[in-house]
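In structure tokens, the next block holds one chain alone, the form predicted alone.
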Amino acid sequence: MPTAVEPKLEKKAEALREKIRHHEYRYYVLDDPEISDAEFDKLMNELKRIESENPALINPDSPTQRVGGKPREGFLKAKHSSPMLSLDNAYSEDELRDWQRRVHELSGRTDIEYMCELKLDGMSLALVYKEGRFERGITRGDGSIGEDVTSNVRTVRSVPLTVAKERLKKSAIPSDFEVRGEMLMPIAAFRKMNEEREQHGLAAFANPRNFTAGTVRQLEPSITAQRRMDYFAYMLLRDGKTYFDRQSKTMNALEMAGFKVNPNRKLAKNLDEVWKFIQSWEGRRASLPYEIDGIVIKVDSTAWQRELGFTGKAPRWAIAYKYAARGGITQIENIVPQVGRTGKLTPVAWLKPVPIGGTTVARATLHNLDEIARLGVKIGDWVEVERGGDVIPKVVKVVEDAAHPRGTKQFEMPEHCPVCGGNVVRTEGEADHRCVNANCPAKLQGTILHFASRHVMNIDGLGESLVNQLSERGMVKNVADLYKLTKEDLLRLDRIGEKTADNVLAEIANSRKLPLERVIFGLGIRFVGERTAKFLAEHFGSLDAIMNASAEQLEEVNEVGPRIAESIGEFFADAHNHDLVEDLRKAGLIFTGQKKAKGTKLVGKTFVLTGTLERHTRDEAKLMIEDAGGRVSGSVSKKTDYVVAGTDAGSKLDKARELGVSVIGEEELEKLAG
């Protein structure tokens, strides 16, 4: 393109960006669009055309760049500027007034105002801005360290990618700041998503909150972009500290800066006004377009917030009033086992539809047989149902009175999977029943995603979107079918071009070269992770040897106890899994490996590790002992031969001295094992 016209194009592109940002704000933040969807799409397409023809004009703040390119392999950890703590809860007016009394006593004041906000039922997220530009999105995590989910947050239209200088000036917000708020999925979008899943024969998601958390942690931003998420801001920080002197000012400033702030809030002069606000919303929450489970009450003055401080896990200056779960009484018409993506069979009560909290409930989980026994539930019983956590329907108890006669038919868990006919097992000591068929359609997508993941068969490009299409169209019925795919097969799928098809097929072909332990891990045997798969490969040297091993032989493997041995036995006892192994053999995967010879220097010796080791990690020290034929125990007894003590060794060292057990350091351990 001639240089002379570039300034005009740049000006035109920036004008389009400003228009699109304005209309995004009107639509996604104010929920008050000024133009039609078609007109908005026309603006966006024009900007995309200009940027694609002139890549130098693209900048990361452009509305066209909300959805990033390649899927991520995982999420990096990110430290918060200050802890993101949870709130203490109150469930009654008395508990709320007890909290107020503590606030008065600790602050020495009674003239305290409170900010009341709806307690949105979503996922807490921190957004970091530099020079007014969105730089990073971080999940709450453990409160101190979260996960960097920036690529996914960029796809959420109510999150500004840039805050104009004029807005920052108007709102008195500094150019570098952090916003904290709640990511959620509106109820209408959630229902639409579940309807689409059910039409494709997929299990519905339980509630918007869990679906939100899963969506935010998608490794493919394009999937997050397809699910209309929303973000409400409620806190502003600079360098980890509150910026304005009042919470009410913070909310107003965030609103002026262009963030979506929940309008349903109130500055209360006393607790009587707080209580009126709580009561006013209890009956109206079903009218909201999103889920709430209570009201958050905060001391409005941030100076008094700092004075009140924190307990070990929550701020003293805020509390969440939780509404009681909503319930109703109805009859169980049937109990049907539902197979989840991990193979777990969950008994689900099919109910006479009953309205609860603005939603008609026709299904409720019974969790497992132990829960059914605890409740004493039978088919035909009248039961009390609640939306646990205000969302997930669950059976609370059986109603026993003259008006509600008891049912007579007992539910029995099937011996074979209702989806695939595979064996259903219940491991001793566990509550859940599971289908052990690795090819079960109910868990097929999860099985393929696990098989293709980086630390297993490392098939790059085989993400959730592609796997969904392959399974839903019946092109892949088990992981072995991946090796039968052709270029023509892949080109029939949505959004798959020739280059992508070639890349995926090359990745599948390369996976045939991976060692035995990867194949073992890829089978998805319960309790067999990456480390255990490696030990099995080194001990037996072939997949056939593992398949034919007895429980006693399996337990000879490093870190394999009775529970893991039983799980391996159950997996290979299923005929479907035998067929899968044979199909993988025909596909050319590696079924043999190098057996690792064990040393004998420490045979018959038992070690206990305690304290912080400097030269080795705990796992490395354990492996060193076991490679030399020794055994590592978790507790000290008279049968212990050596305690390996690092720095800050605790009660295990005291116990060793009490029993006269030899205490050694890492150097002595190396000499013994070497």
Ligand code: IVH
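Note that the structure is a prediction, hence the values are computed from the model and not measured. Counting begins at 1, following the sequence as shown.
In what follows, reference is made to the form predicted in complex with the ligand, a form of this protein that is not presented.
Checklist entry - Is P315 one of the residues lying within 4.5 Å of the ligand in the model of the complex, judged by heavy atom distances? => result Answer yes; at least one heavy atom of P315 falls within 4.5 Å of the ligand in the model of the complex.
Checklist entry - Would Y129 show up as a contact with the ligand in the model of the complex if we use heavy atoms at 4.5 Å? => result Answer no; every heavy atom of Y129 is more than 4.5 Å from the ligand in the model of the complex.
Next on the checklist: Considering non-hydrogen atoms and a 4.5 Å limit, does the ligand approach L85 in the model of the complex?
Outcome noted: Result yes; L85 sits at the interface with the ligand in the model of the complex.
Item to check | 4.5 Å heavy atom contact, L118 to the ligand in the model of the complex | outcome: Yes - in the model of the complex, heavy atoms of L118 and the ligand come within 4.5 Å of each other.
Checklist entry - Considering E182, D574, D300, E386, which brings a non-hydrogen atom within 4.5 Å of the ligand in the model of the complex? => result None of the others qualify; the residue that does is E182.
Next on the checklist: Only one of I145, I379, V354, V296 gets a heavy atom within 4.5 Å of the ligand in the model of the complex. Which one?
Outcome noted: Selected residue: V296.
Next on the checklist: For the interface check, one of 394 to 402, 419 to 427, 152 to 160, 120 to 128 should have non-hydrogen atoms within 4.5 Å of the ligand in the model of the complex; which one?
Outcome noted: Result for this chain: 120 to 128.
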